[in-house]
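Below, in structure tokens: the form predicted alone, a single chain.
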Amino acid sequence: MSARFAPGDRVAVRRAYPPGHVRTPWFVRGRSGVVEQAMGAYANPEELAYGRPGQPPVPLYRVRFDQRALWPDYAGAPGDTAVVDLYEHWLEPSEETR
């Protein structure tokens, strides 16, 4: 599977709450960030968690989020960010502008 997104692309994390084991933190779901780096493709950890082969491999991205977008009452510096590794099946193009 080839990477759908490239560094600099603005992405939104799917707002989904499936049962079971997932690797996407709840605090980024429904939020928008910017792809920092495409990390390569790996076996799907959500399939591996249930003893399945996790194939085909899924692209993994390092995505940067503005802290204030994640935490409305964030009291740190205005430019603080958080970086989260996210698999492609959790991401979609964002319509938000920077």
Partner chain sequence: MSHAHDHPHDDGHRHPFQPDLEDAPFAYHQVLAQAVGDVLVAKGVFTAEDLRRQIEAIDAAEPARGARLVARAWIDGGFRERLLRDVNAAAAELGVDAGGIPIRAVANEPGVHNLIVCTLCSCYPRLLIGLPPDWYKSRAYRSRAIREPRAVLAEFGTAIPDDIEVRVHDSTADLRYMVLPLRPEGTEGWDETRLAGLVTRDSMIGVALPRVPAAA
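Numbering follows the first chain given and starts at 1. This structure is a prediction, so every number in the text was calculated from the model and none was measured.
What comes next is about the form predicted in complex with the partner chain, which does not appear here.
Peer 1: Within a 4.5 Å heavy atom cut-off, is R62 in contact with the partner chain in the predicted bound form?
Peer 2: It does: once the partner chain is placed as it appears in the predicted bound form, R62 has a heavy atom within 4.5 Å of it.
Peer 1: Is G76 close enough to touch the partner chain in the predicted bound form, meaning at least one heavy atom pair within 4.5 Å?
Peer 2: Result yes; G76 sits at the interface with the partner chain in the predicted bound form.
Peer 1: Applying a 4.5 Å heavy atom distance criterion, does M39 contact the partner chain in the predicted bound form?
Peer 2: Result yes; M39 sits at the interface with the partner chain in the predicted bound form.
Peer 1: Is there a heavy atom of R23 no more than 4.5 Å from a heavy atom of the partner chain in the predicted bound form?
Peer 2: Taking the distances in the predicted bound form, the answer for R23 is yes, it comes within 4.5 Å of the partner chain.
Peer 1: Check, residue by residue, if S32, V35 and W90 all come within 4.5 Å of the partner chain in the predicted bound form, counting heavy atoms only.
Peer 2: Negative, none of the three is within 4.5 Å.
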